[in-house]
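Only one chain is included here, represented as structure tokens and corresponding to the form predicted alone.
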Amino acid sequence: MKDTLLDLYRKEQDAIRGKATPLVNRMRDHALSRFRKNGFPSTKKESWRFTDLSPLLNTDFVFDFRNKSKNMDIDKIFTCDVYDLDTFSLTLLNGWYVYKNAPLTRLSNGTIIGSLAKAMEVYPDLVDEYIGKAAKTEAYEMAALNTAFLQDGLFIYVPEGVKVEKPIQLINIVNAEYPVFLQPRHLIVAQKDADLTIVHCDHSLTHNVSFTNTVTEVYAEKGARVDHYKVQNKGRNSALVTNSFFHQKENSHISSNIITLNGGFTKNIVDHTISGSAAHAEHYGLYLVDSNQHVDNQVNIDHATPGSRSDQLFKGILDDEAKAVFSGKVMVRRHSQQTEAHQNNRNILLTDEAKANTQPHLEIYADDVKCSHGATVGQLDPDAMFYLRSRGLCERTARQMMMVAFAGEVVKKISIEALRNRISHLVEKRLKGELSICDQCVLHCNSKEPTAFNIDLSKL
């Protein structure tokens, strides 16, 4: 696969480089040299020790470096089922930005939303100021690969003091008749005292094999606030690697919440640098896996300045032969006094075959700090189960109530009421085994209820 990609780059470099800025292409060349040297990550690397990428790379993937989706009516193939979620809705289809009116929109308050490829043409100086500054291609092989092949994705710029009234929703859809390898790139910038909420949804509309390698860079300047929600509901033949790089300055607040409902192979890499005092970072995650699904959450937080705080809480429920990995690291540098950092990972195994590997890690070089970490792997509490059964509940209902309550600690961190209610409902369906990527189909094959078609007889 490494050789295939390098050959493809040589043959298709004119299409890949496109109309990118000179700085982006220099950045691309450097990343390509890193990928040529390091290749894909292997299990010999500590952060990938329990996650083997090599079986996924044996597929003959199709790489499309030209946008064939720009004129497609996305409403014909997908509709968001959070009906009362009022958002600025944006769509990526097979790695390319899809639009009806314009590839780039500038709101009356100065906020810019749209295609990253188009932003590199229209606002080259603005893109060059931020892109690639947070993404660490030296340390992360998949980020280097994405940087070498970056073409399109989401671009958001919020000017100083602007609060974006509605959440911005990115719907990232994979819908191809053949195995595809996609590498979307997202750049999100919140200037001083700006306020922004993003809902990022990953969906598959087919059961075909796919591999998506995403890089997202999020910048929160002084006093800015960014809430970032990620909902992953992919097919069982899909592989998803997300590389999220956060960088925040003083008095800013960044909150991230990753909900993994479905997916064959999922690895979420989070790298967060706090470079300002009185800054607060929150990272939450919930993963529900069964069958032979694999999910890996890797979170690295660097407290590079004094007086900042970070909180991590990741929870997982594993059934059948599923596997989950959590690798969390908090770095407190020598001069970062008065840092407060808390890290927690909890896992419930519903079978003897399910397996969770958890590695919480603190690396502290300052002495005036408040830091804690912890991890648990176990089964449902038998005493709590007995209590519920003694109140007349059947075993299945009691198990369901306990699992929903366990997951609810993360779900309730979602501040958007409509999204929180919908995710809560999807979590309940997922724990009952009723949620799949076909959930939006009118046939609802997984439902035991008879299918009902609403027909207007007057039209016959």
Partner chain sequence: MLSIKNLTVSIKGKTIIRGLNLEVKEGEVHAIMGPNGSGKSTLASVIAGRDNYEVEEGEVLYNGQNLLELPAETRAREGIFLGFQYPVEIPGVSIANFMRTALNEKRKYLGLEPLTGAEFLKLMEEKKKMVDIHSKLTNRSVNEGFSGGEKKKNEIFQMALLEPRLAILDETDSGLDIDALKVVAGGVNKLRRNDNATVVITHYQRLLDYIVPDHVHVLYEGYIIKSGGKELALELEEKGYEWIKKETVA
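No experiment lies behind these values; they were computed from the predicted model shown. Numbering follows the first chain given and starts at 1.
Note that the form predicted in complex with the partner chain isn't included here; everything after this is about it.
Student: According to a 4.5 angstroms non-hydrogen atom cut-off, is residue 397 in contact with the partner chain in the model of the complex?
Tutor: It does: once the partner chain is placed as it appears in the model of the complex, residue 397 has a heavy atom within 4.5 Å of it.
Student: In the model of the complex, is there a heavy atom of the partner chain that lies within 4.5 Å of any heavy atom of residue 106, even though the partner is absent here?
Tutor: Taking the distances in the model of the complex, the answer for residue 106 is no, it never comes within 4.5 Å of the partner chain.
Student: Find out whether any non-hydrogen atom of residue 381 is located within 4.5 angstroms of the partner chain in the model of the complex, and reply yes or no.
Tutor: Residue 381: yes, in contact with the partner chain in the model of the complex.
Student: Hey, in the model of the complex, does residue 37 get a heavy atom within 4.5 angstroms of the partner chain?
Tutor: Heavy-atom contact with the partner chain at 4.5 Å: absent for residue 37.
Student: Just to confirm the contact call: exactly one of 54-62, 414-422, 28-36, 401-409 touches the partner chain in the model of the complex at a 4.5 Å heavy atom cutoff, so which is it?
Tutor: So the stretch in question is 401-409.
Student: Tell me, out of 98, 388, 269, 168, which residue has a non-hydrogen atom within 4.5 angstroms of the partner chain in the model of the complex.
Tutor: Selected residue: 388.
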